[in-house]
Ligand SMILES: NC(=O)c1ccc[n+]([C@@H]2O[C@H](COP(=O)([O-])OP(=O)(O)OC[C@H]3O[C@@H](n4cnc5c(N)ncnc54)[C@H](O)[C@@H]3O)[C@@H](O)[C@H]2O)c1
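Coming up is one lone chain in structure tokens, specifically the form predicted alone.
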Amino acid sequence: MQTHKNRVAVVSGAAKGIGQELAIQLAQRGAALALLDIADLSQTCALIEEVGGKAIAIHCDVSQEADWIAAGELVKNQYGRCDILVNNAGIYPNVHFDDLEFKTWRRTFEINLDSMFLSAKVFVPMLRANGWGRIVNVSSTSIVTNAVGVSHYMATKMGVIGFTRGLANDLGKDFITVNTLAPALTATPGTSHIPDAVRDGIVNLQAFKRMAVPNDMVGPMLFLTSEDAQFVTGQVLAVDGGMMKTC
């Protein structure tokens, strides 16, 4: 199933969790990968090599414009192009509003939302040069829950949806699709700190009474980054076991 053959995909937050699983499966489907993270990417690279794929690892603090510019140059020098951009990197600091400091608010915005603007500024010109492109920004279904201690996080994830819709309008003339994937609370190293009571409360809102795992997100992401999604843009795809229900 070489659905992504000859495509070059940039995936942020690829060292673990959803980003790692997506990168491996994109490689299995023929894509060449550029992996971005501040964490060690050697495991992801090794797993991609095991399935016969190709990847480069780029140390990148996604909140820093200079890091994105450098990443773009590395991708251009290595592959000469970019076709797919997946903005998956994010943080989930659980802090009640009473204890929330402005520096935490700002850092959450820098990583979860500013990074998507910075990545688009670097890679949209490459997508446009190809006459083909797919952008997937990762939000969260936490925006419709009654979770406490995440006002800053929810603000960024709502911002992701707004940015996605605006960018989809701006890039429509180029036939570059821009969509949001909104995962349920997913079992990854980044969510391991969440208390069991909070986790259980979220799962109880779902039709499927289990916590999501990274692979649950990959199929929808593969669709949104494929040729099959050529007329899907500006959309929010909730992958949450039936928690968000819209008409």
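Start at 1 with the first residue shown and count on from there. Bear in mind that the values here come from a model prediction, so they are computed numbers and not experimental data.
Keep in mind that the form predicted in complex with the ligand is not shown, yet the notes after this line are about it.
Only one of 137 to 145, 98 to 106, 162 to 170, 117 to 125 places residue heavy atoms within 4.5 angstroms of the ligand in the predicted bound form, namely 137 to 145. Using a 4.5 angstroms heavy atom cutoff to the ligand in the predicted bound form, none of Phe175, Asn179 and Ala229 count as contacting. Contact check for Ala27: no non-hydrogen atom falls within 4.5 Å of the ligand in the predicted bound form.
The ligand in the predicted bound form is not approached by Asn215, whose heavy atoms all lie more than 4.5 angstroms from it. When the ligand is considered in the predicted bound form, Gln43 lies well away from it, no heavy atom lying within 4.5 Å. Mapping the unseen interface onto this chain, Leu185 counts among the residues with a heavy atom inside 4.5 Å of the ligand in the predicted bound form.
Residues of 67 to 97 that come within 4.5 Å of the ligand in the predicted bound form, judged by any heavy atom, are Asn88, Ala89, Gly90, Ile91, Tyr92 in sequence order.
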